[in-house]
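Given next, in structure tokens, is a single chain: the form predicted on its own.
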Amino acid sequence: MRTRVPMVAIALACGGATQCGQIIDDRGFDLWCGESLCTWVLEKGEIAPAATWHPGDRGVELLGDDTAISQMTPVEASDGTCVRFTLVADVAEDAEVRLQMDVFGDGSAETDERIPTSDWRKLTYLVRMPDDYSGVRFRIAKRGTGRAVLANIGAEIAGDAECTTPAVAVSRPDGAFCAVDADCASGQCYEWPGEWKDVCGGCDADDDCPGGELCTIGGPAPGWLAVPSVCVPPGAHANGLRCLRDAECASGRCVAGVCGECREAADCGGAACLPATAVAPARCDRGRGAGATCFTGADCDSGVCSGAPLTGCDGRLDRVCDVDADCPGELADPDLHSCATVGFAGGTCQ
């Protein structure tokens, strides 16, 4: 659903995932890493630094006839539910420039406002957010060959009383918090281990899964969302992946919430069973020489363990990831949170 938002005026508040109420980083397009903006993603087209109405400032020009830049931000409901946009731009008549807001960053724009033809005129918009949301992607898209230079785009938390329109309608993606099934794009709102609210996902129980598959914990998910439920075949999870029960694991053993090789020495043919930790699954201690099973290089005399890499947030097993943005808190503080290799599934010492 696309919502037209009214133009109105201004106030300030501070929030946890914001910089004293400010939501967008580098609102003035000052930070360039070579030919690219450092904190904005170029989705398509071309951009370049450009002069603005003020000789001491520079902005960004959207070149070509199909260009878009975006920024994913960690703002959430606990920061506030009234967002104010401010914008200064130079837009020619033969350019169509749109400011879009994608709640939950799932690819659907809940607001889509055309930036009118202007010559450095300041524009302000207010948007009422849902009562429960996490993560917003802001996108600026241009069509047409005309000049479009942006000098400043700001988004900040405003006082609730300033937003007088209804909240934007949002269909929640997998991993978003929910209250009832109808909140979710999947139609499934479920109670999930480790989360303090119900979560949208692909299943609520095994009966929701096809062909004898199991409802269990999913794989990588954006860090601003919870990990959703998914359906997987029995035995689909390698050692080191999170699990809820034995049947999900290739080893047939879910130990301390992670698929592992053993529970006790008897499972290892007499070798010791090393207990599960936050950074390693339960595994058999069959020696440290070449060919011995391992999870990390620390298990081997050579210091080298070879296998299929398993990556986790901050080098732990409790949340798998593909990229840094899959880690909770990474958007708000990228210096403290990252996706790193934890160990190796089916590893052997070299």
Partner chain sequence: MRRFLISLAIVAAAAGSAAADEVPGFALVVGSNAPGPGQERLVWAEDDAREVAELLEELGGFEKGRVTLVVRPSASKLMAEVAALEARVRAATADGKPARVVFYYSGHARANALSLGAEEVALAMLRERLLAVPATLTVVVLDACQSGAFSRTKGVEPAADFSFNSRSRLDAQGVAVLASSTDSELSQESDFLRSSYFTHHLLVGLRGAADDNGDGRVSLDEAYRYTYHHTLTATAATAVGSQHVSVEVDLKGQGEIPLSYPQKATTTITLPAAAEGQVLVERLPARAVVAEVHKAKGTTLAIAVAPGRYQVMVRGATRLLRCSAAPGRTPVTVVLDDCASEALVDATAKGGGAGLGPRWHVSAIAGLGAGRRDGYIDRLEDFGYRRLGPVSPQLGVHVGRRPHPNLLVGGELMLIGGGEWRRDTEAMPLRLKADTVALGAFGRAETPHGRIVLYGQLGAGLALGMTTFIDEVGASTKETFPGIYGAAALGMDFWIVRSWGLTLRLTGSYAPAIDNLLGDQHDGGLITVGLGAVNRR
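Positions refer to the first chain, counted from 1. Quantities reported herein were computed from a predicted structural model and do not represent experimental measurements. For clarity, a rigid core is taken as the largest C-alpha set superposing within 1.5 Å between two forms.
The protein also exists as the form predicted in complex with the partner chain; that form is not presented, and the subsequent description refers to it.
**Q** Looking at the partner chain in the model of the complex, do all three of Gly28, Gly56 and Asp119 come within 4.5 Å of it through at least one heavy atom?
**A** Yes, the whole candidate spot contacts the partner chain.
**Q** Pick from Ala308, Ala51, Ala290, Val323: which has a non-hydrogen atom within 4.5 Å of the partner chain in the model of the complex?
**A** Answer to the contact question: Ala51.
**Q** Give me the residue from Ile157, Ile217, Ala148, Ala151 that has a heavy atom within 4.5 Å of the partner chain in the model of the complex.
**A** Exactly one listed residue reaches within 4.5 Å, namely Ala151.
**Q** Just one of 279-287, 313-321, 298-306, 30-38 has heavy atoms within 4.5 Å of the partner chain in the model of the complex; which?
**A** Contact-bearing stretch, as computed: 30-38.
**Q** According to a 4.5 angstroms non-hydrogen atom cut-off, is Val88 in contact with the partner chain in the model of the complex?
**A** Although the partner chain is absent here, Val88 would touch it in the model of the complex, with heavy atoms inside 4.5 Å.
**Q** Looking at the partner chain in the model of the complex, which residues in 124-138 have at least one heavy atom within 4.5 Å of it?
**A** The stretch 124-138, when checked against the partner chain in the model of the complex, contributes no residue at the 4.5 Å heavy-atom cut-off.
**Q** Given a core-based superposition, decide whether the C-alpha of His54 shifts by 2 Å or more between this form and the one not shown.
**A** It does, since the His54 C-alpha is displaced 2 Å or more between this form and the one not shown after the core fit.
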